[in-house]
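Shown here is one chain on its own, the form predicted on its own, set out as C-alpha cells.
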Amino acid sequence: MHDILGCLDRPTSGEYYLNGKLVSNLTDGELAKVRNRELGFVFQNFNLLSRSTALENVELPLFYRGMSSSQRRKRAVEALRQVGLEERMHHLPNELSGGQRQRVAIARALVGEPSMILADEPTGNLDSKTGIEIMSIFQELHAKGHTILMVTHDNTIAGYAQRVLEFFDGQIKSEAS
C-alpha cells in the first residue's frame, strides 16, 4: 500500500490521484518529482546517511529541488527545531539515540512541506517510552494541519490515530474513528 501511495510502485489496476493529479501513469522521473514535492517519508529504520550530520540529512530533499544552500540550511534548521533537535543538528546519526534519529527522519519528511507524510512503522525500532514521544510529535504535526498516513502493527500506536483502517489480505477489514 505504501509503495503505491508513496509513488514507489504503480497500481496493477485502477488510477491513483494525488492532490487531483493522476500519478499512476507518470514516468519514473515525474514520479521522483512528485515524491520530492508532495510526500514526506518516515521509515522504521530511519534511512539516514551515516556520514552526514542531522542537518545535512534534513537538507537533502531540498538539495534535489535545486534550492540554494542558505535556503536549505534555514528550512532544515527550522524543521529540526520543530522536532526539538536544533541542539543536535551537527551530530552524525551514530551519535544520536534511536528516538533522536527518528526525529531527524521526521524533520527530513517535513522540510519540503509535503502534502502528506507517510510513516512506515515509525516506532517499530524504538522502546515504548520513545515511541510515545514520537507519537506525540505526530499528534502535534496533525494538529497543525499535516496529513499523516501511518502503517503499524501495534494497536497501542494505532490508538493515537484519529482514523484507523485495518487491512487483511489487501482488503479493508474494519474502520474506526
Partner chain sequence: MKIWEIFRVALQALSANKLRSFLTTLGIIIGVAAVIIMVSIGQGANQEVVSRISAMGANLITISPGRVAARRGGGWGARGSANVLTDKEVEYIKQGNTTLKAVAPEVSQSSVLRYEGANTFTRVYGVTRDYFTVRDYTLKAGRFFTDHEEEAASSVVIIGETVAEDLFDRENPLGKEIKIGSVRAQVIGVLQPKGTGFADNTDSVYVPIKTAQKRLFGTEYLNSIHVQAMSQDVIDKAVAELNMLMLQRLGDPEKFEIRNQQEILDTVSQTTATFTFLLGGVASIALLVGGIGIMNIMLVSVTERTKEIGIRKALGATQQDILNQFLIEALLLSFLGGFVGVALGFVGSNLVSKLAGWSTVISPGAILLAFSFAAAVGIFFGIYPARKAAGLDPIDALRYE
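Residue numbers count along the first chain shown, from 1. Keep in mind that what you see is a predicted model, and the values were worked out from it rather than measured.
There is another form of the same protein, the form predicted together with its partner chain; it is not shown, and what comes next is about it.
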The single option of Asn36, Asn125, Thr130, Thr152 touching its partner chain in the predicted complex, heavy atom within 4.5 Å:
Asn36
Looking in the predicted complex, any heavy atom of Arg72 within 4.5 Å of its partner chain?
yes
Taking heavy atoms and a 4.5 Å cut-off, does Ile117 contact its partner chain in the predicted complex?
no
Although its partner chain is absent from this view, report whether Leu141 comes within 4.5 Å of it in the predicted complex, heavy atoms only.
no
Do Gly112 and its partner chain share at least one heavy atom pair within 4.5 Å in the predicted complex?
no
If you look in the predicted complex, which residues in 55-94 sit within 4.5 Å of its partner chain (heavy atoms)?
Glu56, Leu60, Pro61, Phe63, Tyr64, Gly66, Ser68, Ser69, Arg72
